[in-house]
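Below you will find one chain, with nothing else, as structure tokens; this is the form predicted alone, and questions on how it binds or moves follow later.
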């Protein structure tokens, strides 16, 4: 069980690294290449998804599955990005916004399929934080991110998510964000929730990984930086596992 693994890792004070893969940015061969590097680096989780995902999710997930034993979790941008070829799904509720489709509407549409799929469901409070530029997720979700300096709003939103029964909180600056989620905001949220905290978006260096972990993240997620330079994957994972 993926969630049990996350909880046990936190109890053992181990941080986890998630590699985010957008199949739209890969050919079959480049996807195999990045999975080979993920295996070598000992990545903890593979997240698969994207804002549009024009490539067929079933094919990409099947290709990943045949080349790794790393747990694969869907990170869906829409109900169309669901496949039973993965191990689990982050069932995202965009609690920083007020778009009803992303709070409950899409979940209703996908619920029967997810139930039949056998995927492990990980209910996740998804919180967009302003990262210095407009991002794809902001545009596609038709919601505004929480301003980076509004730490009190981010904390209250995360607390509400936990009170609603969500099992994970995901702070997201957006793919390719100029700035990662601020360390003060991460620290503030972590101090006020008791469920695992995921942080992603705008993390480009091993130094940023280190600061994000020290601020309180339990799981680091990186995608764009590794697509641009896959050689940083090994050092980012090593930095994550050094804590």
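Because the structure is predicted, anything quoted here is derived from the model rather than measured. Numbering follows the first chain given and starts at 1.
The form predicted in complex with ligand 1GP exists for this protein as well; it is not shown, and the discussion that follows is about that form.
- Contact annotation: ligand 1GP lies within 4.5 Å of heavy atoms from the stretch 195-203 in the predicted bound form, the single such stretch among 32-40, 195-203, 211-219, 65-73.
- At least one heavy atom of residue 20 is located within 4.5 Å of ligand 1GP in the predicted bound form.
- Contact annotation for residue 60: none of its heavy atoms lies within 4.5 Å of ligand 1GP in the predicted bound form.
- With a 4.5 Å cutoff on heavy atoms, residue 177 counts as touching ligand 1GP in the predicted bound form.
- Looking at 121-136, the one residue that comes within 4.5 Å of ligand 1GP in the predicted bound form, counting any heavy atom, is 126.
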